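Below you'll find only one chain, the form predicted alone, shown as structure tokens.
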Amino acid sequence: MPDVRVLIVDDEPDIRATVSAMLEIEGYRVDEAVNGADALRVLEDHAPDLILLDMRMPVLDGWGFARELRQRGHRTPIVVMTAARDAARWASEIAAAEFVAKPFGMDDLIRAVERARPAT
């Protein structure tokens, strides 16, 4: 079982709950945030090993969050989760390690997380 903490940043409660459940089944420790600003607050308490990031959110979107994350010196790998057709381009714009297109299955999500997470 991986000893990896994942931060899920998504404004949709159902997506957060589903992704959390998928990752917890696989043994990941999970924190959640409802937008980028909330995620920055969570980072103050728990430094994640990996971030799953929606791009289109109110308050602070994925681009703003990624910019602020890097300005604060964090190099945490990011996996972009988006329903947009531009998922690959958006992931590239923020130097994300991976992306998954919504809707995604458990296998797709776990593969992306395993490819992006730091070696333990």
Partner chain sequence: MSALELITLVNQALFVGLFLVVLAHAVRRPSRATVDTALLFGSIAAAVAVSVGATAVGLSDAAPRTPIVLLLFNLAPYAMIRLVDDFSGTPRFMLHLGAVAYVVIAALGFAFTVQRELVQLAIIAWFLAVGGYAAFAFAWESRRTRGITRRRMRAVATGAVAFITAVVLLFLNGMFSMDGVILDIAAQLTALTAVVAFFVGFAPPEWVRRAWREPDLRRFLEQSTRLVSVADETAAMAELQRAAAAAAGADGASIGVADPRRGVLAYISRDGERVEYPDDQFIAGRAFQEQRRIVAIDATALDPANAARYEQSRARTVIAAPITRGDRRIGVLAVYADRAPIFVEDDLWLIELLADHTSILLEARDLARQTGLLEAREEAARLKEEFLSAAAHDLRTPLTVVLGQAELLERRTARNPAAPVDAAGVSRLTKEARRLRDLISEMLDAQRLEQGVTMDRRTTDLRSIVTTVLERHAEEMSAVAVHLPDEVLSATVDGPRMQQVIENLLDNARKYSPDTATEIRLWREGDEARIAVVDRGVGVPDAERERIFERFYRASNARDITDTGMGLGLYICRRIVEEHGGLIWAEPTPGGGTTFVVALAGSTPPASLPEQAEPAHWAPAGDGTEAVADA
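Positions refer to the first chain, counted from 1. Note that the structure is a prediction, hence the values are computed from the model and not measured.
Below, we turn to the form predicted together with its partner chain, even though it does not appear here.
Residues 6, 42 and 45 are none of them found to lie within 4.5 Å of its partner chain in the model of the complex, as judged by heavy atom distances.
The closest heavy atom approach of residue 85 to its partner chain in the model of the complex falls within 4.5 Å. Taking the partner from elsewhere, residue 15 is found to have a heavy atom lying within 4.5 Å of its partner chain in the model of the complex. Using a 4.5 angstroms threshold between heavy atoms, residue 57 counts as touching its partner chain in the model of the complex.
Taking non-hydrogen atoms only, residue 97 never approaches its partner chain to within 4.5 angstroms in the model of the complex. Residues of 88-117 lying near its partner chain in the model of the complex, listed in sequence order, are 102, 103, 104, 105, 106, 107, the criterion being any heavy atom within 4.5 Å.
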